[in-house]
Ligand SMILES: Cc1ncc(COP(=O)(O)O)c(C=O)c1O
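In structure tokens, one chain follows: the form predicted alone.
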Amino acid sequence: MKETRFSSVDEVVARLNPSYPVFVVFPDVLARRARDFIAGFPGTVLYAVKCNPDPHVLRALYGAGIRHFDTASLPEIAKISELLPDAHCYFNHPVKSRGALESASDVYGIEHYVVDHISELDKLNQVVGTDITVEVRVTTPKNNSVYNLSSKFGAQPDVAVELLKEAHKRGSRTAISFHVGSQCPDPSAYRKSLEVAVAVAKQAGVEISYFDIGGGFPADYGDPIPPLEEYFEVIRQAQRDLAINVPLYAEPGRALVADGCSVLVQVQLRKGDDLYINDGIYGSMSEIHLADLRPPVRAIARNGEVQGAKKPFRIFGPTCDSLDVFKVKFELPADIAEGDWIEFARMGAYSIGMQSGFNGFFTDTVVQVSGASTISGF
């Protein structure tokens, strides 16, 4: 059965009159981002499922040509395998339970696994065997990414060398992966990390199947960031300068989906310059709080525009927890009132997939809208 598509977010308001939060997917935007990445990146594109696992998003990316998926858990592997049966999954979490490994191998036939410690390699070989590709994850040089993932995962270069040698000795195919960190504003971080990866490969002296350069490609939340093509050119230049003659993989998440979704919420109470809405930091908006993001917003009234010059408002989420408040204020029309709606744009990344359902509040309405958000800048 063909799913209903709305023509705009305003039509969603007019037809549904929602008193509940609505997650809005723009499949056309997602498809365009996917095609841009496939055309620009000099290698294979894996979508990082953790960024947004909604089926509407996954189908839109798949329809645009994404066939490989970075999966970090057994449920993610199961979702991709069942929703997109001919897609390829990679178990790219460096720490995995034995039960998850057993099912990943026996049920879903996964052949690619990441490790960053000898104990994980031992576990992997004991459960799955050695006829697999072992990606050794290497730490990356420090940069200005919003989230430094090397603070949690990745082997130091000398350790990575030994892990590669050991995996090869045991009969596995070997690869190298890294992650420069989420929302990376500096394209040169990829070159610096590729230099480390190439040096590790040379020291290990084993055949490398591919380099997986991870994610980290940023989205536009208002602060200046380089265009995506600049990242691709840095990577292509590094590929030439470092004489990389094996395939490159990438695991974009945020750059693919951030501006492909919005969250539509309703104002349920106004107290002066404080607004109480029906989604918050325990729901689809946790990253606004965690990373001090300031996505574009606009106010929507059922019968016309919300009036008044814009002014800053503090925004509270729906739970009883006093922590459920955004640290940043948002500029909205002065006359905004109870019953009006706010569209938070560029909410495709780390939003609906991170909601907790705390206090009984949960976004479970997802709609598709043709075209893109009408908020300025799209």
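Owing to the predicted nature of the structure, the values given are computational and were not obtained by experimental measurement. Sequential numbering from 1, following the sequence displayed.
Same protein, other form: the form predicted together with the named molecule, not shown, and the subject of what follows.
Annotated contacts: T130, R173 and I208 are all free of the named molecule in the predicted complex [non-hydrogen atom within 4.5 angstroms]. Of the listed positions (L149, V200, V267, A155), a single one reaches within 4.5 angstroms of the named molecule by any non-hydrogen atom in the predicted complex, namely L149. Contact with the named molecule in the predicted complex, judged by any heavy atom within 4.5 Å, is made by just one of G215, G260, G280, P295: G215.
In the predicted complex, at least one heavy atom of Y350 sits within 4.5 Å of a heavy atom of the named molecule. Using a 4.5 angstroms threshold between heavy atoms, T140 stays clear of the named molecule in the predicted complex. Using a 4.5 angstroms threshold between heavy atoms, S81 stays clear of the named molecule in the predicted complex. Remark: K50 counts among the residues lining the named molecule in the predicted complex, judged by a heavy atom distance of 4.5 Å or less.
Of the candidate stretches 267 to 275, 121 to 129, 156 to 164, 248 to 256, only 248 to 256 has residues whose heavy atoms lie within 4.5 Å of the named molecule in the predicted complex.
The partner is not shown here, but in the predicted complex the stretch 55 to 80 reaches within 4.5 angstroms of the named molecule through a heavy atom at D70 alone.
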